[in-house]
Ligand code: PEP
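Before any questions on how it binds or moves, here is one chain, the form predicted on its own, in structure tokens.
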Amino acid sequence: MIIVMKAGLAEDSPQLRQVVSLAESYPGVRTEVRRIQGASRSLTEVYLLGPTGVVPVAPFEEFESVEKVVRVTQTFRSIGRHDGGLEQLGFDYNGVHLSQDTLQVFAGVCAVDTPENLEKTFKTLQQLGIVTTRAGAYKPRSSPYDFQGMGAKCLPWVFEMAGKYGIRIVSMEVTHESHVGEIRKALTESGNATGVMLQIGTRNAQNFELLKAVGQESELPVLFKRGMGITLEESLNACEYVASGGNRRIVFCLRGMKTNLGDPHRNFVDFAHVPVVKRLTRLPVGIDPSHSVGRRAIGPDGLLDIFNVTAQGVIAGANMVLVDVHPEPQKALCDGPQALLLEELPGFLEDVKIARRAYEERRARAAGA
């Protein structure tokens, strides 16, 4: 059971203490009080844990300070909508707003290789008005002989360069708890020149100790990528580890499923699940077309497959697009075959705008139907 308090109620208010006291008077029930940032307002929610099935709703609804009482209907207690009873989560980070109503494009290199390539990329992003990017420093690879990323040694100049070109958020994968500390240290030493979104890659989707670690993070938001070979429910439950730890500034990202049924694409594109995840959870939903397609294939209509699958996700309501670009993809040390050229990025962004307009028109038609 979740008790949603009315907006504006202080966390130390006597009204909140009364609600908590009543809840804990039921045998075996304990509470957790959480401050939740919704898409447009902040709320306090009281979570009742334990044998709550016999706890009545009516006594809590009688409190003037209570907005509503919601029965938990899904196993993912913190991120679930629970039959629409809870409003979506949204958050502002370093001047960028992410929610189920917004759309941000995170275009950048899959893995940082040279300062020259990163500067060319960031300069292009600045010219195009993009303030969100991806730049991998830690790269888990299938083969131990493949490039594993530059690690912490590149962080100082990556963050300095991001600040120079007005980048507000860098999505950066972490594979170990120690990476979080290295990123925080480098950010502080850079004078917080930019911000970082901690990315949980598909290979670590069920690395529960790592999920717990980023769940305890109080400042840096999280991009959680769906596990490549597990069910959607398993991925959402894994994401719940992050949220239950206290960090609810999360974007859930679809990136394709590992199955030969998707051939010749690298993965089977799962972007039809965008509205499913938005219906089941309170989280913004992202898509990663680059890792879904995995190649620069082009159709007879002149459109790259990456453009087409991106449009599929955006027209379904995606809130974030994570796409690989590189000045010289043929020389990239990681996933070069799937990276867009810098000169292709303006066309890609225009294509995203077309798909977004179509989504907004479809949503307006549905609202007026």
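For clarity, every value in this text was computed on a predicted model and none was experimentally measured. Numbering starts at 1 and runs along the sequence shown.
The same protein has a further form, the form predicted in complex with phosphoenolpyruvate, not shown here; the description that follows concerns it.
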Inset, instruction - Specify the contacting stretch among 210 to 218, 288 to 296, 185 to 193, 112 to 120, defined as having any heavy atom within 4.5 Å of phosphoenolpyruvate in the model of the complex. - result: 288 to 296
Inset, instruction - Determine whether any heavy atom of G201 comes within 4.5 Å of a heavy atom of phosphoenolpyruvate in the model of the complex, and answer yes or no. - result: yes
Legend entry - phosphoenolpyruvate contact at E173 in the model of the complex, heavy atom, 4.5 Å: yes
Inset, instruction - Using a 4.5 Å heavy atom cut-off, state whether R255 contacts phosphoenolpyruvate in the model of the complex. - result: yes
Inset, instruction - Would you please decide whether R81 lies within 4.5 angstroms of phosphoenolpyruvate in the model of the complex, comparing each non-hydrogen atom pair? - result: no
Inset, instruction - Please pick, from K139, H273, H179, R248, the one residue with any non-hydrogen atom lying within 4.5 angstroms of phosphoenolpyruvate in the model of the complex. - result: K139
Legend entry - Members of 216 to 234 lying within 4.5 angstroms of phosphoenolpyruvate, judged by heavy atom, in the model of the complex: K225
